[in-house]
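Only one chain is included here, represented as structure tokens and corresponding to the form predicted alone.
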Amino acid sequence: MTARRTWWKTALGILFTALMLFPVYWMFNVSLTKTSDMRADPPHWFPWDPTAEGFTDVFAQQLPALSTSLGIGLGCVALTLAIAAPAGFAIAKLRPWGAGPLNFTLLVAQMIPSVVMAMGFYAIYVRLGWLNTVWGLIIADSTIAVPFGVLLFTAFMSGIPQELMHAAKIDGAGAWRTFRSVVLPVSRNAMLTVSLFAFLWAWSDFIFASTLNRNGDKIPITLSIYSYIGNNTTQWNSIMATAVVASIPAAVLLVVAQRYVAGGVTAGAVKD
């Protein structure tokens, strides 16, 4: 009876997994489909006569956009860590006045729709002359990642034993030295988790890119992919090939960092 129940659960899990992964498979299938076969009825469920023209277009035309997205993602990670890690340490260990209201403000900030923030950034960037710049996108994307990073660092660093802090203080270390030499080395999981989410948010951003950098010389891949959409024709195999290539970094990062992400997200949830 137990074996039969286990088999049933396994089959159901496989079915749900297949349903969730079907869009990924269809994206790959269309990326290998010839333009002449796009409107086939019934559609080609498998790439019987595959073509690599979509991937050829990607590597011939989209590498600058991919490198721009990579630069924006790495810049967002660096800026997020530079702000969120010290802020999380201050809230968790230094306990400044107003830490509670600040945490609540960070939670509220995460609920603001990106399109509303994009309109606000547009009004500011027009006055400052920051439109159509890569570093303008880095700053905008970081506003999404920083609140999450501060909350996660606060939860993680709250679980660091006070004995470590007291030992550092006895050795003559100030707050900054304690943060740099004691807290950061034991916060690896939290740093990797925040870095991963910050990079993925910046890598997949479209709202800020389309609002703040539509006419820039360097545009990210989420905006460059629209070059394949015309008034009369749409190069679906090139679009899907670009989506496949753009999904690879995110998939690799998630697979490599999943163990650290699990530890970083759950850290601080249970107090000893």
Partner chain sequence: MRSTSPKTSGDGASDGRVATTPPGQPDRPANAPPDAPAAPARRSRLREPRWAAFAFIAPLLAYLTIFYAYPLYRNIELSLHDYTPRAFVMGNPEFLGLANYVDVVTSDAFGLALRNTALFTFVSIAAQYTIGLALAVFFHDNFRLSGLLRGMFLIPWLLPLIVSASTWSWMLNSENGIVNSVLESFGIGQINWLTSPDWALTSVIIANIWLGIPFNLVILYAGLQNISKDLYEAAALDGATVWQRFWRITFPLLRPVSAVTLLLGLIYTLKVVDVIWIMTTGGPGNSSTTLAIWSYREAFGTGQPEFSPAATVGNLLIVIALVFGSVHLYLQRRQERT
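Please read these numbers as outputs of a predicted model, since none were measured by experiment. Residue numbers count along the first chain shown, from 1.
Omitted from view is the form predicted in complex with the partner chain, to which the following refers.
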**Asked** Does the partner chain get within 4.5 angstroms of any non-hydrogen atom of Tyr226 in the model of the complex?
**Response** yes
**Prompt:** Is there a heavy atom of Ala250 no more than 4.5 Å from a heavy atom of the partner chain in the model of the complex?
**Reply:** yes
**Prompt:** Does the partner chain come within 4.5 Å of any heavy atom of Phe55 in the model of the complex?
**Reply:** no
**Contact of Ala87 with the partner chain in the model of the complex (heavy atom, 4.5 Å)** = yes
**Request:** Assess the spot marked by Phe59, Val134 and Leu152: is the partner chain within 4.5 Å of a heavy atom from every one of these residues in the model of the complex?
**Result:** no
